[in-house]
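One chain comes next, on its own, written out as structure tokens in the form predicted on its own.
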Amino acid sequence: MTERDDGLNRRKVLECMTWAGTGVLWTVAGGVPTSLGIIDEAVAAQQKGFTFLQISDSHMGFDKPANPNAKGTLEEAIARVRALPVKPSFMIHTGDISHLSKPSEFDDAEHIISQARLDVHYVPGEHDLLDEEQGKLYRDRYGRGTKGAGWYSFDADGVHFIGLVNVVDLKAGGLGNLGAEQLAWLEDDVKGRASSQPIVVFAHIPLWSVYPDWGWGTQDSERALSFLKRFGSVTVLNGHIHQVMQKVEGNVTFHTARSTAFPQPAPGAAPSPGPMKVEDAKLRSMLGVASINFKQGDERLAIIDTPLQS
């Protein structure tokens, strides 16, 4: 991310704002993100535009020391969603709904998330495909009308949304993979669309190389992104790494979301990725949700990351 030389380390300021729970409003215009202010301005933007939410990595069934009550923190996240002053149009869940792909875990997640009273669009994480039939439980619940392992697209308020699956046959610590069939479908899906139409892509594992040594990237993402180069506004939303990171490459803004279950270490800050135990008082400041706003005519998106607790 480019930092402006304005006498302050902009990144540090924004990190502090997010940590404090004030929420940072990002507008994305011409591929360049700009911070507009705190949560009050975010609410004002929501009132003028089209808003949707992203949650990720709920890990229903997780009960280890990093968070013995992942069910409770998902309930807190959904309570925050219900309390929003402006009701979002829908919600996107970027994978790892469950921890071990058990029917009871999917049941618990569905019961809690349904309380938001929003339509929800899902893509799977690797933890959702652990059943003996390699994801049949996930596909039976969430895969109606999708292609292949669960990829699909839809349109809402002038924005084209594309849900991708990059966790099939994932090896431990390995990079995500889309595969030839899905890539061919993606190329065909965007063919013929006006380059002025905003595009939102969402998948579980990041579509940029956050930290390949930990498998935090997708090996054939460059091919996928090549189909989107002609579009003026592309936003890619991911989960998997359980922390907020953002990167801009030309017309594409990449954004990863917090988990609602547990944090993970910063890239390279530990011997390996995985649930990170922090002080109990600090946990909820490292979990949260994101809301995304699109204002018709401006072709820009605003992303607001909000921790469960400041």
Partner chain sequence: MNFARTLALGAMVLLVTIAIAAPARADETQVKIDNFTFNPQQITVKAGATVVWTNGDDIPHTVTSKTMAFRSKALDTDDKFSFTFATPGKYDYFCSLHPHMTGTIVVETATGSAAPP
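Numbering follows the first chain given and starts at 1. Note that the coordinates shown come from a computational prediction; the quantities given were computed from them, not determined experimentally.
The same protein has a further form, the form predicted together with the partner chain, not shown here; the description that follows concerns it.
- Contact check at 4.5 Å (heavy atoms) against the partner chain in the predicted bound form: all three of 65, 172 and 175 pass.
- Put simply, residue 213 is close to the partner chain in the predicted bound form: some heavy atom of it is within 4.5 Å.
- Shown alone here, residue 267 lies farther than 4.5 Å from the partner chain in the predicted bound form, counting heavy atoms only.
- Contact annotation: residue 108 falls outside 4.5 Å of the partner chain in the predicted bound form, judged by heavy atom distances.
- The partner chain is not shown here, but in the predicted bound form it comes within 4.5 Å of a heavy atom of residue 134.
- For the options 156, 84, 100, 190, the residue carrying a heavy atom within 4.5 angstroms of the partner chain in the predicted bound form is 100.
- Checked against the partner chain in the predicted bound form, the candidates 183, 79, 130, 120 yield a single residue with a heavy atom inside 4.5 Å, and that residue is 130.
- None of 68 to 76, 220 to 228, 195 to 203, 92 to 100 except one has non-hydrogen atoms within 4.5 angstroms of the partner chain in the predicted bound form; the exception is 92 to 100.
- For the stretch 260 to 275, the set of residues having any non-hydrogen atom within 4.5 angstroms of the partner chain in the predicted bound form comprises 262, 271, 272, 273, 274, 275, in sequence order.
- Pairwise change in the predicted bound form: residue 62 and residue 172 C-alpha atoms lie farther apart than in the shown form, at least 3 Å.
- In the predicted bound form, the Cα-Cα separation between residue 241 and residue 171 grows by 3 Å or more relative to the displayed conformation.
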